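In structure tokens, one chain follows: the form predicted on its own.
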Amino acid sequence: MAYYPGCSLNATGIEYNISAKAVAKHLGLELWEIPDWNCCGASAAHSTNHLLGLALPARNLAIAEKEGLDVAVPCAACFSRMKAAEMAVRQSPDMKQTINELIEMTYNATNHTRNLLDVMANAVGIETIAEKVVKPLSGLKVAAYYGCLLVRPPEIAQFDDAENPMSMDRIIEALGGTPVEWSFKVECCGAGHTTALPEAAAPMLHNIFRNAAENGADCFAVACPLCFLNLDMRQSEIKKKYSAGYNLPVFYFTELMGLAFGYAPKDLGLNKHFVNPMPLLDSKEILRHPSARREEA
């Protein structure tokens, strides 16, 4: 399967890239990184120029299509833009011709864009993931956070339930953890507003932290580098602003998979997190082999 890491996974979300490649290889999923890939323009292109917002991701999809490959996309924002380009070309011959002229390549949208979470949950499969677990996430209560782009709009994403997605919850359960029921799993975290409109973004983050904590979560699992950065980096800022005692580590779902598969934290990039996850993992004895755990000794 072709793999499109996007800009974030080579910079602020590098631990997502590291853990995604590690667990994919562990599961026998071969990821072929698209050569000479370009930015999909997710941050701004589609809001400034509609055609540019479609042509940028279409070029990457065209390279994968030439190899006869579907594309796995870890970033929710990249995934949304690439699905939009795929649908635009598939639904309109005129748009297809316009985009092909712009990218100077042939793109017929015969291949499919899939979010990496979808690939893991439905192509690899929950049973296969469970079979690889050697260090179950016993006792870890996880708020699966999907954010606003991963499964919406449903006519574009075509993946999971738009209001109550469960793909990540099922993976957490297969890893031995406990997915908590909470109310903000698809609410926007305000990552796009934190710089320009911080007063609007702060309450959005605070509501997410508060609801997760009130429902007993020890941590978050995410599938988007922008959501991860916002929840992880700005948690101390929100704690001060609202005098709240949140201390909720944030994990990419691929990091949780890697831990359960027996990988060391440093091999998954956990040392790069702002909220240190090690005290939580130590308190749950997740890094200890099950046969050596205190309750089983």
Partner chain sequence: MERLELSTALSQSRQFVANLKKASQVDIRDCYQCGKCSAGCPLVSAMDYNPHQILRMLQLGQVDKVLHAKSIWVCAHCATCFARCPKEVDLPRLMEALRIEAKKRGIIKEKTVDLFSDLFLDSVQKYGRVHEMGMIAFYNLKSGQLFKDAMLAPTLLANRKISPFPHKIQGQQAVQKIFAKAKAMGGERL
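Positions refer to the first chain, counted from 1. Since this is a predicted model, take the numbers as computed values, not measurements.
The next section is about a form of this same protein that is not shown, the form predicted in complex with the partner chain.
Trainee: Taking T128, V133 and F261 as a possible spot, do all three reach the partner chain in the model of the complex with a heavy atom inside 4.5 Å?
Mentor: No, none of T128, V133 and F261 comes within 4.5 Å of the partner chain in the model of the complex.
Trainee: Please pick out the stretch from 170-178, 100-108, 116-124, 212-220 that is in contact with the partner chain in the model of the complex, where contact means heavy atoms within 4.5 Å.
Mentor: Of the options given, it is 100-108.
Trainee: Is there a non-hydrogen atom of L149 within 4.5 angstroms of a non-hydrogen atom of the partner chain in the model of the complex?
Mentor: Output for L149 is yes: heavy atoms within 4.5 Å of the partner chain.
Trainee: Contact with the partner chain in the model of the complex for V89, defined as at least one heavy atom pair within 4.5 Å: yes or no?
Mentor: The answer is no: V89 has no heavy atom within 4.5 Å of the partner chain.
Trainee: Give a yes/no on whether C39 approaches the partner chain to within 4.5 Å in the model of the complex, heavy atoms considered.
Mentor: Yes.
Trainee: Give a yes/no on whether L69 approaches the partner chain to within 4.5 Å in the model of the complex, heavy atoms considered.
Mentor: Outside the cut-off, so no.
Trainee: By the heavy atom within 4.5 Å rule, which residue out of K141, H193, H112, H206 makes contact with the partner chain in the model of the complex?
Mentor: Of the listed residues, the single hit is H193.
Trainee: If you look in the model of the complex, which residues in 163-188 sit within 4.5 Å of the partner chain (heavy atoms)?
Mentor: Stretch hits, in order: E163, E187, C188.
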